[in-house]
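The form predicted alone is given below as one chain in C-alpha coordinates.
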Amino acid sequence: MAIEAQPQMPRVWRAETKPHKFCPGCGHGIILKALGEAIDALNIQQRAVFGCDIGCSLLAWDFFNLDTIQTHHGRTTPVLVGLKRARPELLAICYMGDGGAYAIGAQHLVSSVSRNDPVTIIVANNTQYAMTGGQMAPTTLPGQKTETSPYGRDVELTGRPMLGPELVATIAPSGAYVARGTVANVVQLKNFIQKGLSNQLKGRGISFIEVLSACPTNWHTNAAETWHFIEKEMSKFFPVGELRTPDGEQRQEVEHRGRQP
(Lines give C-alpha, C1' and ligand atoms only; values in the text may rest on other atoms or scores of the structure.)
Protein backbone atom coordinates (compact mmCIF):
# COMPACT_ATOMS: atom_id res chain seq x y z
CA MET A 1 0.00 0.00 0.00
CA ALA A 2 1.47 3.34 -1.09
CA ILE A 3 2.01 6.00 1.57
CA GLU A 4 0.80 9.42 0.55
CA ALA A 5 3.31 12.23 0.92
CA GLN A 6 2.35 14.68 3.61
CA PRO A 7 2.08 18.30 2.47
CA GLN A 8 4.91 20.47 3.77
CA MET A 9 3.68 22.87 6.42
CA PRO A 10 4.54 26.53 5.92
CA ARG A 11 7.01 28.07 8.35
CA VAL A 12 5.18 29.88 11.13
CA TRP A 13 6.54 33.17 12.45
CA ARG A 14 5.34 33.52 16.03
CA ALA A 15 4.64 37.04 17.20
CA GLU A 16 6.13 36.67 20.67
CA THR A 17 8.01 39.26 22.67
CA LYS A 18 10.73 39.21 25.28
CA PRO A 19 12.30 41.72 27.67
CA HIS A 20 15.42 43.37 26.33
CA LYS A 21 18.82 43.16 27.98
CA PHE A 22 19.67 46.84 27.85
CA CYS A 23 19.87 49.27 30.76
CA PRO A 24 16.63 50.95 31.89
CA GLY A 25 15.85 53.88 29.61
CA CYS A 26 18.17 52.73 26.83
CA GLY A 27 17.07 53.64 23.32
CA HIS A 28 18.14 50.39 21.67
CA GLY A 29 14.91 48.64 22.64
CA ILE A 30 12.84 51.35 20.95
CA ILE A 31 14.93 51.24 17.77
CA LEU A 32 14.73 47.46 17.57
CA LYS A 33 10.97 47.48 18.11
CA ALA A 34 10.61 49.93 15.21
CA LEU A 35 12.82 47.69 13.07
CA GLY A 36 10.79 44.60 13.97
CA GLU A 37 7.53 46.33 13.10
CA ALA A 38 8.97 47.50 9.77
CA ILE A 39 10.08 43.94 8.96
CA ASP A 40 6.59 42.64 9.79
CA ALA A 41 4.93 45.38 7.72
CA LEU A 42 6.98 44.43 4.67
CA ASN A 43 6.62 40.67 5.36
CA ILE A 44 10.33 40.03 4.75
CA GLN A 45 11.10 37.75 7.72
CA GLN A 46 12.10 34.81 5.55
CA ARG A 47 14.55 36.90 3.51
CA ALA A 48 16.04 39.21 6.15
CA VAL A 49 19.43 38.68 7.81
CA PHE A 50 20.28 40.78 10.87
CA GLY A 51 23.91 41.66 11.53
CA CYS A 52 24.93 43.30 14.81
CA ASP A 53 28.17 44.92 15.92
CA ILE A 54 30.23 44.61 19.09
CA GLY A 55 29.03 47.08 21.73
CA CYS A 56 25.58 47.45 23.22
CA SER A 57 24.10 46.52 19.86
CA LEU A 58 25.37 42.94 20.22
CA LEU A 59 22.73 42.36 22.93
CA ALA A 60 20.19 42.23 20.09
CA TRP A 61 21.61 39.00 18.67
CA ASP A 62 18.65 36.86 19.80
CA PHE A 63 15.78 39.36 19.62
CA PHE A 64 14.37 38.42 16.26
CA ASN A 65 13.23 35.22 14.63
CA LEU A 66 15.72 35.91 11.86
CA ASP A 67 19.06 34.57 10.73
CA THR A 68 21.58 36.66 12.68
CA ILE A 69 25.30 37.37 12.38
CA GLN A 70 27.38 38.93 15.16
CA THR A 71 30.52 40.59 13.80
CA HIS A 72 33.73 42.08 15.13
CA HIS A 73 33.66 45.72 16.15
CA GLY A 74 33.19 47.97 13.12
CA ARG A 75 32.97 45.07 10.66
CA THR A 76 29.21 44.66 10.40
CA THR A 77 28.98 46.55 7.12
CA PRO A 78 31.57 44.53 5.13
CA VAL A 79 30.31 41.21 6.54
CA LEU A 80 26.74 41.96 5.47
CA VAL A 81 27.92 43.33 2.12
CA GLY A 82 29.71 40.03 1.52
CA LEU A 83 26.53 38.16 2.43
CA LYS A 84 24.53 40.30 0.01
CA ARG A 85 26.97 39.62 -2.81
CA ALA A 86 26.86 35.88 -2.19
CA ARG A 87 23.07 35.78 -1.72
CA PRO A 88 21.61 38.86 -3.47
CA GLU A 89 18.04 37.68 -2.86
CA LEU A 90 18.46 38.22 0.91
CA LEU A 91 17.80 41.47 2.78
CA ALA A 92 20.94 42.54 4.66
CA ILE A 93 20.41 44.67 7.79
CA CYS A 94 23.47 46.15 9.53
CA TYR A 95 22.91 47.35 13.10
CA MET A 96 25.59 49.16 15.09
CA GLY A 97 26.41 52.07 17.35
CA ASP A 98 28.04 55.36 16.45
CA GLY A 99 31.48 54.09 17.48
CA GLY A 100 31.26 51.04 15.24
CA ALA A 101 29.98 53.10 12.34
CA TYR A 102 31.98 56.32 12.55
CA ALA A 103 35.25 55.35 14.30
CA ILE A 104 36.64 51.85 13.75
CA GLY A 105 34.12 51.17 10.98
CA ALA A 106 34.37 54.49 9.14
CA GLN A 107 36.54 53.14 6.31
CA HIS A 108 34.02 50.37 5.64
CA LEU A 109 31.09 52.79 5.72
CA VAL A 110 32.70 55.20 3.24
CA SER A 111 33.68 52.39 0.88
CA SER A 112 30.24 50.79 1.02
CA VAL A 113 28.50 54.10 0.38
CA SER A 114 30.83 54.87 -2.54
CA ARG A 115 29.95 51.50 -4.08
CA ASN A 116 26.25 52.06 -3.33
CA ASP A 117 26.01 48.57 -1.83
CA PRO A 118 22.36 47.45 -1.61
CA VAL A 119 22.26 46.97 2.17
CA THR A 120 20.41 48.76 4.98
CA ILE A 121 22.54 50.31 7.73
CA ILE A 122 20.99 51.46 11.02
CA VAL A 123 23.20 53.40 13.46
CA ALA A 124 22.25 54.18 17.07
CA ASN A 125 23.75 57.56 18.03
CA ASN A 126 23.92 58.07 21.81
CA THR A 127 26.94 60.43 21.68
CA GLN A 128 29.41 58.10 23.47
CA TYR A 129 30.81 54.60 23.80
CA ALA A 130 28.15 53.14 26.07
CA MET A 131 29.12 49.54 26.78
CA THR A 132 32.64 50.37 27.93
CA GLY A 133 31.60 53.09 30.38
CA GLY A 134 30.72 56.22 28.45
CA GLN A 135 33.90 57.44 26.74
CA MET A 136 33.99 60.21 24.16
CA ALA A 137 32.90 59.05 20.70
CA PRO A 138 32.85 60.64 17.22
CA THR A 139 29.35 61.95 18.01
CA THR A 140 30.04 63.46 21.45
CA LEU A 141 28.66 67.01 21.46
CA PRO A 142 30.85 70.09 21.99
CA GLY A 143 31.24 70.63 25.73
CA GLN A 144 29.69 67.26 26.61
CA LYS A 145 31.28 65.51 29.57
CA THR A 146 32.25 61.85 29.26
CA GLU A 147 34.68 59.51 31.01
CA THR A 148 37.46 60.68 28.67
CA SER A 149 36.34 64.31 28.39
CA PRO A 150 35.57 65.12 32.06
CA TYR A 151 35.74 68.86 31.42
CA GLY A 152 33.63 68.68 28.28
CA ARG A 153 34.60 67.97 24.67
CA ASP A 154 37.04 70.57 23.40
CA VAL A 155 36.51 70.80 19.65
CA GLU A 156 39.81 72.67 19.25
CA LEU A 157 41.62 69.53 20.43
CA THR A 158 39.36 66.68 19.31
CA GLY A 159 37.43 68.09 16.36
CA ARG A 160 33.72 68.44 15.87
CA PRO A 161 31.12 65.65 16.10
CA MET A 162 30.66 63.39 13.11
CA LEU A 163 27.60 64.10 10.98
CA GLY A 164 27.14 60.61 9.58
CA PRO A 165 23.99 60.98 7.46
CA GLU A 166 25.26 64.25 6.01
CA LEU A 167 28.49 62.51 4.98
CA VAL A 168 26.61 59.58 3.44
CA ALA A 169 24.16 61.87 1.62
CA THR A 170 27.05 63.82 0.11
CA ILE A 171 29.01 60.90 -1.32
CA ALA A 172 26.28 58.35 -2.10
CA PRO A 173 25.39 57.75 -5.75
CA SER A 174 21.87 58.04 -7.08
CA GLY A 175 19.42 55.56 -5.58
CA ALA A 176 20.53 55.94 -1.96
CA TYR A 177 18.15 56.58 0.91
CA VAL A 178 19.50 58.56 3.88
CA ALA A 179 17.63 59.73 6.98
CA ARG A 180 18.05 60.56 10.64
CA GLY A 181 15.33 59.52 13.07
CA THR A 182 14.93 59.67 16.84
CA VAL A 183 13.59 57.45 19.59
CA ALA A 184 11.46 60.47 20.57
CA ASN A 185 9.30 59.93 17.45
CA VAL A 186 8.75 56.19 16.96
CA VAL A 187 6.13 56.52 14.20
CA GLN A 188 8.50 58.59 12.07
CA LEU A 189 11.42 56.29 12.90
CA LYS A 190 9.53 53.19 11.79
CA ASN A 191 8.61 54.99 8.55
CA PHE A 192 12.27 55.83 7.86
CA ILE A 193 13.40 52.26 8.53
CA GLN A 194 10.63 50.84 6.36
CA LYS A 195 11.62 53.18 3.53
CA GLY A 196 15.23 52.07 3.89
CA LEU A 197 14.29 48.39 3.71
CA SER A 198 11.97 49.04 0.75
CA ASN A 199 14.84 50.79 -1.04
CA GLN A 200 16.92 47.63 -0.67
CA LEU A 201 14.00 45.46 -1.78
CA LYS A 202 13.80 47.50 -4.99
CA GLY A 203 17.54 47.20 -5.57
CA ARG A 204 18.09 50.94 -5.79
CA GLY A 205 21.17 51.26 -3.61
CA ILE A 206 22.37 51.77 -0.06
CA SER A 207 20.01 52.78 2.75
CA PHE A 208 21.35 54.56 5.83
CA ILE A 209 19.34 55.54 8.89
CA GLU A 210 20.91 57.14 11.96
CA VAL A 211 18.80 57.20 15.12
CA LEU A 212 19.21 59.63 18.01
CA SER A 213 19.18 57.30 21.01
CA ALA A 214 19.31 57.51 24.80
CA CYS A 215 21.85 56.34 27.38
CA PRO A 216 20.73 57.63 30.81
CA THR A 217 23.15 55.26 32.56
CA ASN A 218 26.24 57.00 31.17
CA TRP A 219 24.62 60.41 30.76
CA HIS A 220 23.69 60.29 34.48
CA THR A 221 20.25 61.70 33.67
CA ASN A 222 16.74 61.08 34.98
CA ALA A 223 13.79 60.58 32.63
CA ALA A 224 13.03 64.28 32.11
CA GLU A 225 16.70 65.16 31.59
CA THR A 226 17.15 62.28 29.16
CA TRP A 227 14.31 63.37 26.89
CA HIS A 228 15.42 67.00 27.10
CA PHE A 229 18.90 66.02 25.95
CA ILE A 230 17.55 64.03 22.99
CA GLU A 231 14.88 66.46 21.86
CA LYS A 232 16.64 69.76 22.57
CA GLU A 233 20.41 69.26 22.66
CA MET A 234 21.00 66.37 20.25
CA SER A 235 18.41 67.35 17.66
CA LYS A 236 19.81 70.88 17.59
CA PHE A 237 23.16 69.56 16.36
CA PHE A 238 21.85 66.43 14.60
CA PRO A 239 18.70 67.51 12.70
CA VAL A 240 16.04 64.86 12.23
CA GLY A 241 14.60 64.19 8.78
CA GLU A 242 15.26 62.67 5.37
CA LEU A 243 18.49 63.83 3.80
CA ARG A 244 18.39 61.83 0.59
CA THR A 245 15.67 59.98 -1.29
CA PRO A 246 16.20 57.28 -3.94
CA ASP A 247 15.81 59.73 -6.79
CA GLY A 248 18.79 61.68 -5.47
CA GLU A 249 16.78 64.62 -4.16
CA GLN A 250 18.38 66.51 -1.27
CA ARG A 251 15.91 67.43 1.45
CA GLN A 252 16.03 71.16 2.05
CA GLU A 253 14.92 71.12 5.67
CA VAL A 254 18.14 69.48 6.85
CA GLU A 255 20.58 70.53 4.15
CA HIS A 256 22.27 73.37 6.03
CA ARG A 257 21.64 72.42 9.64
CA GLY A 258 23.71 70.50 12.13
CA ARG A 259 26.79 72.69 11.76
CA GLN A 260 26.18 75.27 14.43
CA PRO A 261 29.10 76.16 16.70
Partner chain sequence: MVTKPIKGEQRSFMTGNEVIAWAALAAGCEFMYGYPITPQNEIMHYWTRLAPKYERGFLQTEDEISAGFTTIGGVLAGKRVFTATAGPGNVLMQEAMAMAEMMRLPTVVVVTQRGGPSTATVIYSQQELNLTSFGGNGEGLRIVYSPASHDDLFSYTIKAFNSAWKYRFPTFVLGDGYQSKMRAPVTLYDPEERGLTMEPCYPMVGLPGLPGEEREPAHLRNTYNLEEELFAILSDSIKDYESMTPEVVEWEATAIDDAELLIIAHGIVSRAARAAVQVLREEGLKAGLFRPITLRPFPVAELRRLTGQARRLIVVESAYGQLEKMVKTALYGLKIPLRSYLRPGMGITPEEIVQFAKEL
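Quick caveat: nothing in here was measured; it's all calculated off a predicted structure. Residue numbers count along the first chain shown, from 1.
This protein has a second form, the form predicted in complex with its partner chain, left out of what is shown; the following refers to that one.
Shown here without its partner, the chain carries 135, 149 and 154, none of which come within 4.5 Å of its partner chain in the model of the complex through any heavy atom. Between its partner chain and the residues 159, 82, 143, 173, the one pair within 4.5 Å by heavy atoms in the model of the complex involves 82. Among 218, 235, 198, 68, the residue placing a heavy atom within 4.5 Å of its partner chain in the model of the complex is 68. At the 4.5 Å threshold, heavy atoms of residue 90 reach its partner chain in the model of the complex. Looking at residue 42, you'd find every heavy atom of it more than 4.5 angstroms from its partner chain in the model of the complex.
Of the candidate stretches 135 to 143, 95 to 103, 161 to 169, 108 to 116, only 108 to 116 has residues whose heavy atoms lie within 4.5 Å of its partner chain in the model of the complex. Contacts to its partner chain in the model of the complex (heavy atom within 4.5 Å) from stretch 167 to 190: none.
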